[in-house]
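Coming up is one lone chain in structure tokens, specifically the form predicted on its own.
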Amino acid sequence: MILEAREVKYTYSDGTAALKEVELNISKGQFTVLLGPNGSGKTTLFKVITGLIKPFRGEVRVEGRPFEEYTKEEIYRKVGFVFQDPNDQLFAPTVGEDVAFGPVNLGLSRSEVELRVKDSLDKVGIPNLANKPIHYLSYGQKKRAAIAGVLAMKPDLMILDEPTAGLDPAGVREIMRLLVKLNREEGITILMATHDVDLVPLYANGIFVLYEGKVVLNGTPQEVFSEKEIVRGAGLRLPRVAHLAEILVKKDSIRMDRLPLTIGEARRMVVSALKKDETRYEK
């Protein structure tokens, strides 16, 4: 496991129990989604995992070692965190300077820093923005710049808090394609938080459902969304395609072996069901 959270508990000063003995296990190389409604504890859990706040109870392990055993430099090389709002992360005058900040603070040579900045900006698709002032960027460009800053540290695990928040549909698609590319081609383990259930089946290998500070469900997308009542009880809904399939089964007697989660799956199942009905009718 690249990341483990064991019985993590966190309570805010006003008495709000944000995390209640959370258990989390993330395998190396996976694309995992932390799914939950607003206020479920996703951001708090990420802050604990990345060391921004300390849990009241429990521990976080990175590659089998307790978080506390790592130096800051070591953990930055292992785990990168991308904030939900890039304005909370970007601070340098230009994109290039911001991306260079981490490598510079690692004490890397000038040539290595320049190489990492160029490589990171290339990977996120904004190589031409190195000298552009941060305040002139679009929101989507800021998201990419924030990801580039994390990439420049060459982490094994990248954690992203609501990376598609505030983006239009085209921007969402571009960011998700970027994350999939980083996962599959660069071998970076991805853990992202979202409440957008329609995104999950398209990209995730695994899901942890967080509700009121507890992990109430985990598994593959098929396993998780098959537990319809638990998903709905956690303040979420089924993906639109799965909900449509559910209605077709109940109202129109369309037979499906399992719950489809994508348009492609639904189309194949409906076509197959219709063909079977035609065959029975002909006989």
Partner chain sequence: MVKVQVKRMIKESFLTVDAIAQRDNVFTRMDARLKVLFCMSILGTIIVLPGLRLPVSVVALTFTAVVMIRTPFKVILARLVPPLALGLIFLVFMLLTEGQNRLFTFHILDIEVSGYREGFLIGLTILARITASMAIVMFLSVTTPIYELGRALMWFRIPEVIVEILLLTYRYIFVLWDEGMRIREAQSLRLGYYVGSSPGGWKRSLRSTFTLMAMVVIRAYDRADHTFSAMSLRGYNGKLARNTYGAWNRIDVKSFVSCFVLVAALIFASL
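Residue numbers count along the first chain shown, from 1. Predicted, not measured: the structure shown is a model, and the values here were computed from it.
The form predicted together with its partner chain exists for this protein as well; it is not shown, and the discussion that follows is about that form.
- Contact here is defined as any heavy atom lying within 4.5 Å of its partner chain in the predicted complex, and by that definition each of 52, 85 and 131 is a contact residue.
- With the partner omitted here, the stretch from 164-172, 200-208, 120-128, 92-100 that lies within 4.5 Å of its partner chain by heavy atoms in the predicted complex is 92-100.
- Shown alone here, residue 153 lies within 4.5 Å of its partner chain in the predicted complex, counting heavy atoms only.
- In the predicted complex, none of the heavy atoms of residue 139 sits within 4.5 Å of a heavy atom of its partner chain.
- For residue 176, no non-hydrogen atom is located within 4.5 Å of its partner chain in the predicted complex, even though that partner is not displayed.
- Shown alone here, residue 184 lies farther than 4.5 Å from its partner chain in the predicted complex, counting heavy atoms only.
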